[in-house]
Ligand code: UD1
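Take a look at this one chain, the form predicted on its own, written out in structure tokens.
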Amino acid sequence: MGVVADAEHATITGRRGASGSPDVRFLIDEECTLAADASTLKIVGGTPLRGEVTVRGAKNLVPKAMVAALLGSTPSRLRNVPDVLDVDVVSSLLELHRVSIDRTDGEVTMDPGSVTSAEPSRLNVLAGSSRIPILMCGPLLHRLGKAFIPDLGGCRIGDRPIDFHLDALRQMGATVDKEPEGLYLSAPEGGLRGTKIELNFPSVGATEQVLLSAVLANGITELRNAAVEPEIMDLISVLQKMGALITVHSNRVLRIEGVDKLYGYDHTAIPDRLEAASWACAALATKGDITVLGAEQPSMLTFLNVFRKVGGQFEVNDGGDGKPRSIRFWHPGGALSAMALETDVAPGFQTDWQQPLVVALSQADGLSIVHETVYENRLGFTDALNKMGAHIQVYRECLGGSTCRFNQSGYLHSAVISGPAKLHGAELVIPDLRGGFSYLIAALAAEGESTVHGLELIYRGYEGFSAKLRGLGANFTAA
């Protein structure tokens, strides 16, 4: 994947050859705006999904591990890399900073030996397509003493403020100047320094920021109320392989002792537990049977408990018979069970699991309650499900669980789902990555034909999506 930029236009092409799904092309005009050609599927629902799909490295780990390569004095190699659009974007960001990238199927090698600053105008070509640039601040401040961050994109499921990131960098001594085109950061004389930081909320992004910034800082950094998702733990493993000194204490406390130098790593990314859960929910909602190759039980314990309570069945293969590790998910027949559910940061029920599961809960017998506590706007996707025949009402109050930080804030962050509902086909526009997958699950479970627009958001995080659907027996055509 490459970037061509001149005074008039720039084109970024995401590779999709091996996966079989359509090419996704972006055209950037002279105003440096990013627009994607719409991808559309016509889906005829009502057919149970059956077969196998393979998940590779976690979308929420791989781009961050690629950024970590900036910290090394020697090349890094990352394995089990999915061919998704987010990896294309991060590869381009690194290449703009003169990191040499070599990508083969499932593997990327990064040589940061000639890192330089990128032109703001060229970075702004990617503005709005990714939130990864903010995580490059710490590594660039260490390598170059300065960094530029363009406007940030990502799924529109909440504010996702970067204040946590900037506050942490300021506490480590960085200076932040806001200009019309973005943020300019500079390191203090002598480099970033360790400090004590406590997050108001265990933000994944802010925890990643502190880790990537503190490993080469002078002194010790203590981070309290840190996120502890499996992807965070895997990033810590990457950094430890590079020579970092990071201790994980109880009660969400991380202690990072700054070192003088880091080296490249060789690492295999953990499998994508979020994609695995999405396919599990697809099996449940369509009354199907899907084996997810590459899925592993330890990072999915909380999801598996909920999946079983709703009425789904699963079988874990740990690879002891010589076969790849996998989890088989299926609908055993009969009625699904309604339940009360509350999302939370790890080790709780992950917010990314919530949206696909809501579609399955629309088919459960009785009233289910979902309380979203992580992102304030993540229940907006239910409007489209109601148009398809679901019975979902959203509320501003905290229902079915503890009082969360969105209480009395005006956000519709609780839902009551009445089922089973008879879903019918509809015209759908994908709003975000997980919500988009949920629309597709609903379309596959519904009677009649649905037209789903905006598949380019799905390609951000699901490798070979169309090929996987085809392999599961889904009835669809590209429109």
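Numbering starts at 1 and follows the sequence shown. Because the structure is predicted, anything quoted here is derived from the model rather than measured.
We do not show the form predicted in complex with the ligand, though everything after this point is about it.
Contact with the ligand in the predicted complex, judged as any non-hydrogen atom within 4.5 angstroms, is confined among 196 to 204, 97 to 105, 139 to 147, 110 to 118 to 196 to 204. No residue in the set Arg56, Arg77 and Arg325 has a non-hydrogen atom no more than 4.5 Å from the ligand in the predicted complex. For the candidate set Ser414, Asn60, Ser39, Ser450, a heavy atom within 4.5 Å of the ligand in the predicted complex is found for exactly one residue, namely Asn60. Out of the listed residues Lys387, Arg396, Arg308, Arg405, Arg405 is the one that sits within 4.5 Å of the ligand in the predicted complex by at least one heavy atom. The ligand is not drawn, but in the predicted complex it has a heavy atom within 4.5 Å of His165.
Mapping the unseen interface onto this chain, Asp352 counts among the residues with a heavy atom inside 4.5 Å of the ligand in the predicted complex. Put simply, Glu229 is close to the ligand in the predicted complex: some heavy atom of it is within 4.5 Å.
Residue contact check for Glu376: one or more of its heavy atoms lie within 4.5 Å of the ligand in the predicted complex.
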